[in-house]
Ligand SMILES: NC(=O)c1ccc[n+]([C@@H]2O[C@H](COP(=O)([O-])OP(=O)(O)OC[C@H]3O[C@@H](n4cnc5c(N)ncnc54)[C@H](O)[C@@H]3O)[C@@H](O)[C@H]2O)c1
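This document starts with one chain, in the form predicted alone, laid out as structure tokens.
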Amino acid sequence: MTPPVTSGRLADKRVVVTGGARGIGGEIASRFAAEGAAVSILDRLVDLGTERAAAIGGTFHEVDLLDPAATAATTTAAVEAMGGVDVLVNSAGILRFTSLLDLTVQDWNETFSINTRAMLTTMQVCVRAMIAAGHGGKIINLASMAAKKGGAGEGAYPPSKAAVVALTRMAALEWGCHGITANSLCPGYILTEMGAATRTQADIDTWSSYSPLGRLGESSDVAAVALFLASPDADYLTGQAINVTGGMVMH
């Protein structure tokens, strides 16, 4: 286990990260811990989540984001175990490729349950704790480039991520009076281990051509922006949907 860091941009901050076992969420958890934060990972991937938590000196809590009561209970347990929470990062999400004509009610409901509704549940738990502590806080919700520029065949994913952007803006409006900021990140094509089994080099070359920078993003690119949002440097930034797309989306 890595010993806790006592200095850094997030020293003494307590952070909850959903979907923190791997991918973007995992990179954010590791980056935040390296900057001094105490990190609690919430994920359904027990082995990967436990391994990452041990590696960064954090804690792991298994969670089923399809279950609202379980999500609330697990988030509450994570917050109580840390003695409070200063930053919430909602990174967990699912993408099921299908056409709108073939999209089932079950796929729609499950996508929105995990990608959007679960964020509301974790925010409600964490914001209550933030308000009670009286020290403000930071909310960072992972949306997607698809929220602004959805692709054909992505099913319920783009609508669910557009809802994340709207939900985050509502959070910024309602909780700003408590010193709580809320922002969403909209990553583009990011090279994560989750998609490695299906993408080809031809896919990578094609997708890279969509960016003026000529490359795809890494999880570290998104984690760097998340770190900025969690830090004091972003105290006056709220209600934004920030693109991390290498210029694939510019609005």
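Keep in mind it's a predicted model, so treat the numbers as computed, not measured. Heads up: residue numbers just count along the shown sequence, starting at 1.
Beyond what is shown, the protein has a form predicted in complex with the ligand; the following relates to that form.
Enquirer: Pick from 128 to 136, 173 to 181, 85 to 93, 98 to 106: which stretch has non-hydrogen atoms within 4.5 Å of the ligand in the predicted bound form?
Expert: Flagged stretch: 85 to 93.
Enquirer: With the ligand left out of view, which of L10, A21, V15, L229 would have a heavy atom within 4.5 Å of it in the predicted bound form?
Expert: By the 4.5 Å criterion, the partner-contacting residue is A21.
Enquirer: Among the candidate residues L213, L66, A55, A224, which is the single one with a non-hydrogen atom no more than 4.5 Å from the ligand in the predicted bound form?
Expert: So the residue touching the ligand in the predicted bound form, by this definition, is L66.
Enquirer: Looking in the predicted bound form, any heavy atom of I114 within 4.5 Å of the ligand?
Expert: Yes - in the predicted bound form, heavy atoms of I114 and the ligand come within 4.5 Å of each other.
Enquirer: Whether T122 contacts the ligand in the predicted bound form should be assessed with a 4.5 Å heavy atom distance threshold; does it?
Expert: Taking the distances in the predicted bound form, the answer for T122 is no, it never comes within 4.5 Å of the ligand.
Enquirer: Quick one: is T192 in contact with the ligand in the predicted bound form, heavy atoms, 4.5 Å cut-off?
Expert: Residue-level check for T192: yes, a contact with the ligand.
Enquirer: Given that the ligand is not shown alongside this chain, does A34 nevertheless sit within 4.5 Å of it in the predicted bound form, heavy atom to heavy atom?
Expert: Output for A34 is no: heavy atoms all beyond 4.5 Å of the ligand.
Enquirer: Please state whether all three residues K149, G155 and G246 have a non-hydrogen atom within 4.5 angstroms of the ligand in the predicted bound form.
Expert: Spot residues vs the ligand: no contact at all.
Enquirer: Going by the ligand in the predicted bound form, which residues of 38 to 54 come within 4.5 Å of it through any heavy atom?
Expert: D43, R44, L45 sit within 4.5 Å of the partner.
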